[in-house]
Structures are given as C-alpha cells and as structure tokens.
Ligand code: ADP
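Read the single chain below, which is given as structure tokens and is the form predicted alone.
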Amino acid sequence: MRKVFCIGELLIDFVAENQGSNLSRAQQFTRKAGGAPANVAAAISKLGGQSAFIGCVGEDPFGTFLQHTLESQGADTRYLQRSSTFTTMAFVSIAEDGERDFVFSRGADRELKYLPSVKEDFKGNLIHLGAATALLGGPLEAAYNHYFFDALTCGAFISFDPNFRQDLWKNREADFVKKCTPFIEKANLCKFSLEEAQLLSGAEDTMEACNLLHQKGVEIIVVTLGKDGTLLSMGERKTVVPSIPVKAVDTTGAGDAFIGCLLQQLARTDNPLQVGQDFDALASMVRVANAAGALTTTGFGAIESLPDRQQLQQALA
C-alpha cells in the first residue's frame, strides 16, 4: 500500500460550539486538534491507510498534544518539526447549522524547514498539499514549494486543496489565486469547495468553473457541495455524486475527511496516476468519500469525528 504524505499546518482549534457564527459573542471554547492537512492524514490512517504528516508545531504543551493526537490516529509523525515559536491557533465559531467562521493566530506552522532527504520517501507515493497557511510567505512557503517540486520530479501523484480562509486573505484574493495557479497546473487531483472553484476560475457557473480549471492543467477535479454531494469533473465527463443524509452539527473537517478517504482509496490502486482513465471507478470512490465527509459533520471537532472503516461501511450499507 502506498503512503500519503500530507503537507501543511497542524494547529489548535479553539471551538465555540452552538454559540452562533459571531465570534465576538462566544464565551466558551473547547480545545481541538486541527489543520486541514493534519486532518487528512488522520482520516487516511483511521480508515486503514498509511499517512505521514509534514509540518511544524511549537515546543509547548499544545504542540505535544497535537503530536500525540496524530500518533494516536496512526499517522507517521517522524517528519513533524518542533519550533520555539508558539503553536498556531485558530478560533472557530460554529452556528446551529454547523457552518463555521475562523480567526487565526499564527505561530509555529510558518517555521517549517525544507529537508532534502524527504524526496526519496516521496517516490511511488501520493503527496497531498493543503494550502490554508502554506502560501503566506516565510519558511513554510519556501519549504512547501520545495516539496511540491520534489513531488513533481519524482513522479508522485499530487493532490492539491487550496483551503481558502477569508480571514487570512482579506483584500488579497488576487494574490491567493496567483499563488494557487502553479499547483492547479501540475496537480493530478484538485479538491475545491464551491467558493474556491468560483474564486480560482473567475466563473460563477460550476461547470464553467471546472472547464476553466481543467484548462490550467489539472486532470481530475472534485467540488464538494455539502449535503448535495460532490461534482466530479474529468474533462468533458462530469457528474454530481450524491451524499448520504445526516444531521450536521459541525462541518469542520468534512472536506478533509472526504479527500482523505478518496486518497486512501487511490493509494490502494495499482497505479494512481492512471486512475483518470476510469471515470466510473473514480465516481464510486467519490461516493464512499462523500459518506466519510458526511459522517464527520455529526460530531464536534474534526479528528475526533472522523469515521473508521466499520462506521463507514455501516453508513454505506
């Protein structure tokens, strides 16, 4: 089985549960492990796949908590770095419908250093790049770009998720689009929310957005549509794969569970680089991944709510 390397941020989510979508009114917060690429690594391992996380946390109790959390899910943390800078935090409000708002206090995630020796481990495996904080400059962005180049030169399967966060890119959306473009051009698979697909393509219509994004170079596009399922686009062939009905209480990590489950399935194929030749097989994988994403919304906190193989099989049945 191939390993999936997940690169990006690992942080503390301080979550205000059921206190509305306005953080200024929240009074109680619960500590949760967070960070989109870390959630993906945990999702893969929890479903029986092999994952490794590349990122940086602080040399503080929060950093230790995050490392232990990933390890408890079975993710490989040998590439996790520790910094004297305090661990990055995000404050998250969750409304009654499960929708979220974010405010970030950045710290150690930006201190990730590039290690050339990791390239050898990329060969024959899959690389997932989550960009929530990775394109904001500093050592993290430099390391992120190095690892992206390594993945390209060793022929790894590359997955990209822009993880757009309005709080981080306010009034700088054009810069975000520019920095994401090289990844869209070279990735084998891109996962977008509807908002991200519209922002990065410049088109309001979802089908047109996919066509424009394909023109940039990416072969396989999945656009998550919440309870309505996922749009799978591979050039001229497109379909909306339905999800399963659930009562959502927290949508945090749903997209990460989805892409983690999809990558875990791709890692089990004979050759992930050829999966784009079988639309129907990929649609079946997306159906399974939709269920993983939906189940994650039924509990608070991303990693705690990720389904294992038994829960996923029961939901699909």
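Remember, it's a predicted structure, so these values are computed and weren't measured experimentally. One-based numbering along the sequence shown.
What comes next is about the form predicted in complex with this ligand, which is not displayed.
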Query raised in the report: Quick check: do 226, 243 and 297 each get a heavy atom within 4.5 Å of this ligand in the predicted complex?
Result: yes
Query - Partner-proximal stretch of 187-195, 133-141, 150-158, 68-76 relative to this ligand in the predicted complex, 4.5 angstroms, heavy atom - result: 187-195
Query raised in the report: With the partner left out of view, is residue 248 within 4.5 angstroms of this ligand in the predicted complex by any non-hydrogen atom?
Result: yes
Query raised in the report: Should residue 49 be classed as touching this ligand in the predicted complex when contacts are defined as heavy atoms within 4.5 Å?
Result: no
Query raised in the report: Does this ligand get within 4.5 angstroms of any non-hydrogen atom of residue 290 in the predicted complex?
Result: yes
Query raised in the report: Would residue 93 sit within 4.5 Å of this ligand in the predicted complex, counting heavy atoms only?
Result: no
Requested in this report: Counting non-hydrogen atoms within 4.5 angstroms of this ligand in the predicted complex, say which of 272, 34, 58, 255 makes the cut.
Outcome: 255
Query raised in the report: Heavy atom within 4.5 Å of this ligand in the predicted complex: which of 201, 233, 230, 88?
Result: 230
